[in-house]
Each structure stands twice: as structure tokens, then as C-alpha cells.
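The C-alpha cells that follow cover one protein chain in two forms, given apart as structure 1 and structure 2.
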Structure 1
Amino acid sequence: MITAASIFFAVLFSSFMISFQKGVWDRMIENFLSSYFGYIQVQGKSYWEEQSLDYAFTPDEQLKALPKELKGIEGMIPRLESFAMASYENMISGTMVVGIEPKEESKFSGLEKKLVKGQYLQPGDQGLLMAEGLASYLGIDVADTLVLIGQGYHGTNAAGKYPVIGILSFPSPDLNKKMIYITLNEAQTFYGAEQLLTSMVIQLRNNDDFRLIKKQLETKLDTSRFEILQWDEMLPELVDAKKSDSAGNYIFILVLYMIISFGIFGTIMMMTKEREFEFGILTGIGMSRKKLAIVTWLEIVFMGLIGAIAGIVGCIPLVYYFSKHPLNLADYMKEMGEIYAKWGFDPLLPTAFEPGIFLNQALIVFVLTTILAGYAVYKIFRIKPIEAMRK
């Protein structure tokens, strides 16, 4: 019972910790990607490395037909992105100008919900939306006119005057200092890039299928013209942050495994010592040491199996409950909830309900138990029947 209980709690705690950490990161990444980048983007070849309009592409019929051909794709959001200098009176600032289809963009990233003043872009509008921090720096407001100057397609000059029709508020300070949105047609005219796009964000029906969809896209599209990038290729720093956090958690779990291993080893050593007389008699009357060792090893393995299965059964309802009813930081720490909201993330901490997590942790603990059972096997092969029976 002691051995099985040790294994039970080891599986329970390790599985819950792993599922909790994975659930929190998955939700954070989903919130971040759904606000702008998406899980997959189709871009012109070499655009991501160069960030130049010279690598823009013309969407062909094959690209436009993808939502009909691949069931996993819900829609595609076209963009034309480049840099420009924004000027108002005596102030000037570098900006990111993004040409969008207003309705499609808002449906994907919730851009319209970020509007804090003025009105949202409509198809055919010749004005622009700008980030709140950028507007404050330039001292500009709704109905004022902003001058944009930049470099267009193939080195052409890009210049234009646009009225500010709305101001957006972004949780990220970086986005809040530089973002400007205009309609896609206006962006193509401004940069002299008629019918061109720099990226097409692929909106998925199930975000977990992004690797599968990427492989399907690579077979459907001309990879000499297009580059298909998934989120971890576009944002390696986010992947590194997740790995760093996971490394700390795995160290904690390693310490937990070590503690549990000593507990299990202690019970196995105690059991072996208490049964030396029994082992001595059995070997003394002619029982094969090999058979005795196998029976003893199987006995310990079954104890480990019982503890591992009990740990899985005990962890499943716990993890499932918190996957459906995540912890809300705002209910426990109001300040922390406000910080999450400020950065555009909901303060919910769910668990990831994935069978692989339970099975992996149970398997690790089970393997540890079977290895530690080798001590009993070793003692059986070294036992001297006469001395064991005298003790």
C-alpha cells in the first residue's frame, strides 16, 4: 500500500503540473497568434527574411481556391505590409502600414473591438486607423490629416495624405507605438503594388491541425514562388520563452521523481530484508533463484502498475475539471488579472486535457519502479540460504 500510494501521488502531481503548464502556454499562444500573426502565413519567397515589398506576390487562382480544396481552412486574410514615415505638423515617426480587408481582418483578429475613438474602416474608405500611442506621440486626433512617406514597390516613391478616421488601442506597447491600418486597395495604390500582397494569413477550423495544413499547402502551392511559415518559424523567441519555462518545471518534476524513487526504494529494501528468511528456505529446498527473482520482480511490478493506473484514474477528473473551469486570476489576485487584461490576455489558467500527458507520466514512474525492483533481484542471487534462515 505504501509503494502503490507513493506511485499514485507521483503520477497525480506530475501529470497535473505538466497539463497545467501546457494549458496555460497553449492559451497564451492562442491569444497572441489570434491577435495578428495566425498559425500559418503564406508569403512571397524570401519576404520574411528581407521584409521588402520587392518580394510581394500576386495571389493566383490556385491560392484563392485553397479554402474549397482543403477542409481544414476556414478562410484567408490578405495583407500588404510595409514601413513608412508618418508626419503631422512638426512631429515625425516610423510606422508599420498594413493594408487590410476591413471585415475579414476584424473577423480574424477582432481589430474593430480595439477601436477607442472614431469609426472603423469600411471598404472604399480613403482614411486610416492608427494606434493610440502613435497618435499621442504625434499629437494627432480623429479628423486630422496624416502624411505618409515611404518607399514603394521596386524602389518607387510612396507618398500620400490620409485623414485619421479612428484610433485603436493595442495591449502591446510595441504595436501601440507604430501600427497604421488602411484598406488593401489604398495600400496597393500608395506603394505602387497593384494586385500584390506580402502575406496571406490562413485561418484554420482547428488550430491544432496547423502542422498538417502546412504539409498540405506545400503540396498544393508552388514553393518556388510561395513560402509557407508556421507560427514557431515566425516567432522563435516565443518558442524559446516556452522552452525556458518548461525547463524550470521539468527540474521541479525531476526532484519529485527523485524523492518518490527514494520512497519506493525504501519500501522495496524493507520488504526484501523482512523476507530474507522466506527466500533462504525457498532456495534451501531447491527453488531456482531465477524463478524466485522473476516472481519477486513481478510482484513489485504489479504494485507499480496498480499505483500508476490509480494515478491516471485519479488525475483524469481533476485535469478535466480545470480544463472546463479554468482558474481565474481575477478572482484571487485582482492586480494580476488587470495585468493580463492590459496585455490583451484573459486571466484564465486552464489545464490541457491530453491523454499523452497522463500516459507519459505513468510510464516514467512505472519504469522507475521496475528498475528499482532490480535491488530485490540482486539480493536473491546473492543470498546464502543457511545464513538467511539463521537470521
Structure 2
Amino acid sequence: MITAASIFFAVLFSSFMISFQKGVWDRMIENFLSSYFGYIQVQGKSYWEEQSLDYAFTPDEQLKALPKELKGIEGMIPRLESFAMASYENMISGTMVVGIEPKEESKFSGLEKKLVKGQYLQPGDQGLLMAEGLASYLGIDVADTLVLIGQGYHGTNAAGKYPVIGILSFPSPDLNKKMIYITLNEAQTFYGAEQLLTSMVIQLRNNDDFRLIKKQLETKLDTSRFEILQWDEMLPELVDAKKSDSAGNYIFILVLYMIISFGIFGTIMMMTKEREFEFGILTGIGMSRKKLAIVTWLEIVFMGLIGAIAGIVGCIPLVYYFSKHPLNLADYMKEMGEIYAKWGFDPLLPTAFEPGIFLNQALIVFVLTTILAGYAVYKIFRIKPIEAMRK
């Protein structure tokens, strides 16, 4: 019974830790993706490799109809993005100029909340929003006028003057030193790319469904014209980061299972010790070691099974609770909370509520138990009845 209880706690503990770890990662990725990239984008064919306006596309009826046809899609955020040089007085800098529908964009990425000075962009505005880092590098402020020069659609020249109407602060240093937003219409005019888009961010109702939605999009859209990219194709660095974190994970998991193994091993050892006397009598009166070992092993395995099942059942409310009521880092470490907030992430640490994790952990713990039960078997094969019975 103690064995079953220790296995129960082992399953509970490891499932909780793994759910927690996965939950935090998922949330970080979600935070990151929803600040700009989204989980899925539709782009013109070859645009991603070439990063050139020449591969921009005109949204067709099929594309526009998507939110109505696929209920997994919440909305679509059109963009026209390209590089341009920005200059103010005698400063000059490379920038990324993105044409947006101000309302949709803000609804998706919370752009308006990043405003630290001036006004947010309105449809029809002639001005621009720029990142704080870029503004301070150029020494420009709200109401000053920035000159943009770039290459337009099919090699045309693009040039324009835009007053700064607002300044944005991005958590990512990369975005903070290059982003400029203008309205989609202005961008299309500036780049000489009437009606064209470089990308359409697909906003999902449930981000976990991105693979499924991508498949659906591939059947709905003309794939000779469009390319449908999911986040890990657009951001291999993020995948790498997740992987390199997994190296740390391995150590974490190793330590986790070591703790668990020691716990289970301890109870099996105690149980074996407690029953040494009984084992002594049994082999003494003539029970074969093999038989005794098998019976004892099966008993432990059975206890393991009960513990593992109870563990799965016990995990469900525990992990569910913490997925709905995440731990708030700020409650425990004020500074960490502030750092998170500064980077635009909420300091919440939720668990991932995925029954697959519980099953997996229960299975791992169960397998560990069956292996550790080998200790009892080993002891039974070594036991000397007269010594065991003396105790």
C-alpha cells in the first residue's frame, strides 16, 4: 500500500512538473507569436524565401471568404511589409515599414497598447508610428517629419514624407530598432503596390489547432499562388530556442526521475526489508525462489498499476486547476514579475492541461516501478532462510 501511495505521488509529481514546464513554454511562445507573427500566415508564393515585394499578392475572393468558411479562423490581419531607409536631419537608418489596418492589427497584437507617446494610427491617417529605439536613434519626436526611401514593387522608386504621430515601445530589442507602421493604403501607395499584400496573418480561435487549420487552408487556397506558413517554419530560431532549452530539460527530467526513482526504490527496499522474515520462512519451508520472486514482483507491479491509475485520476483536477488559475510569478518574486511585464509578457505560469502528459508520466513511472521491483527479486534470490528468520 505504501508502494502504491509512493507511485501515486510520483505520477502526480512528475505529471505536474512536466505539465507546468510545457505550459510555461507554450505560453511564452504564444505570447511571442501573438505580438507579431501569429501561428499561421498566408503569403504570396516564394515571398518567404525572397523577402521581396515582387512576390506580393492580391487577395482573391477565396482568401477573403475564409473567416466565413472555416470556423477555426477568428480573423485575418493584412500586411504589406518591406524594407526602407528612414532619414531625419542627418541621421539615417534601415527600417521595416509595415502597412496595416490599424484596428485589426491592434485587435490581434495589441499594438495600440504599445503606444508610449502621441496618438495611435487611424484609418486614412497620413502619418506613421515608429519604434522607440528607432526614434531615439534618429533623434526624432512626435510631429517631426520622417523621410522614407525604398524600393517599390517591380523595382520602382518609393519615397515619401510622413509626420510621426505616435511612438511605440516593443519588448523585443530587434523590433524596437526597426519598426515603422503606416496604414495599409499609404504603404500600397508608397511602394507602388496597389491592392497588394505581402502577408495575411491568420488569427485563430484556438492556437492549438494551427496544424489542422493549416491543412484546411491548403485545401481551400490555390497553393500555386499562395504559401501557407506555420510559426515553426517562419521562426526556426524559436524552435531552436525551445530545443536548446530541452537540453536543460533533459537534466531537469533526469533529476526529476532520479528523485522519483529514489522514492519508489526506498519504499520497495523498505517493503523488502519488512518482509525478509516472511521470505525466509517461505523459502525455508520450501517455496522456490523463482515462484516467490514472481509473486512478489507481480504484487509490486499491481501496486504500481493502482498507484499509476490513481495518479492519473489525481492529476486531472490538480493540473486543470493550475491551467485555469496559473501561478502568478509576481506574487512570489516581484522583480521577476516586473521583468516579465517589461518584456510584454504576463508573469503567469500556467500548466498545460494535456491528458497525454499524465498518461505518459504514469507509464514512465510504472515502467520505472517494474524495473525497480527487480530489487525485491534480487533480494529473494539472495536470501538465506536461517539468517532472515533470525530477525
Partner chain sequence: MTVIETKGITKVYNPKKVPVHALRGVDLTIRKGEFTAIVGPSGSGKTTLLNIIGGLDQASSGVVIVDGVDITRISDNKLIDFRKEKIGFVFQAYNLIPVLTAAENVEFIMLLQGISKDKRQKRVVELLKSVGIEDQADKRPSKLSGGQQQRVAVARALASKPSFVLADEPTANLDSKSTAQLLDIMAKLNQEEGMTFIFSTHDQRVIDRARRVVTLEDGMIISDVTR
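Here, a residue number simply tells you its place in the sequence of structure 1, counted from 1. As the structure is a prediction and not an experimental result, all values here were calculated from the model. We call the rigid core whatever largest set of C-alpha positions still superposes within 1.5 Å between the two forms.
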{"query": "Structure number, where the criterion is the form predicted on its own", "finding": "1"}
{"query": "Large Cα shift (2 Å or above) at residue 286 between structures 1 and 2, core-fitted", "finding": "yes"}
{"query": "Per-residue C-alpha change between structures 1 and 2, residue 25, threshold 2 Å, rigid core fit", "finding": "no"}
{"query": "Flag for residue 254, CA shift 2 Å or larger between structures 1 and 2 after aligning core", "finding": "yes"}
{"query": "Rigid core fit between structures 1 and 2: Cα deviation of residue 321 in angstrom", "finding": "3.3"}
{"query": "Backbone CA shift between structures 1 and 2, residue 368, after core fitting (angstrom)", "finding": "4.2"}
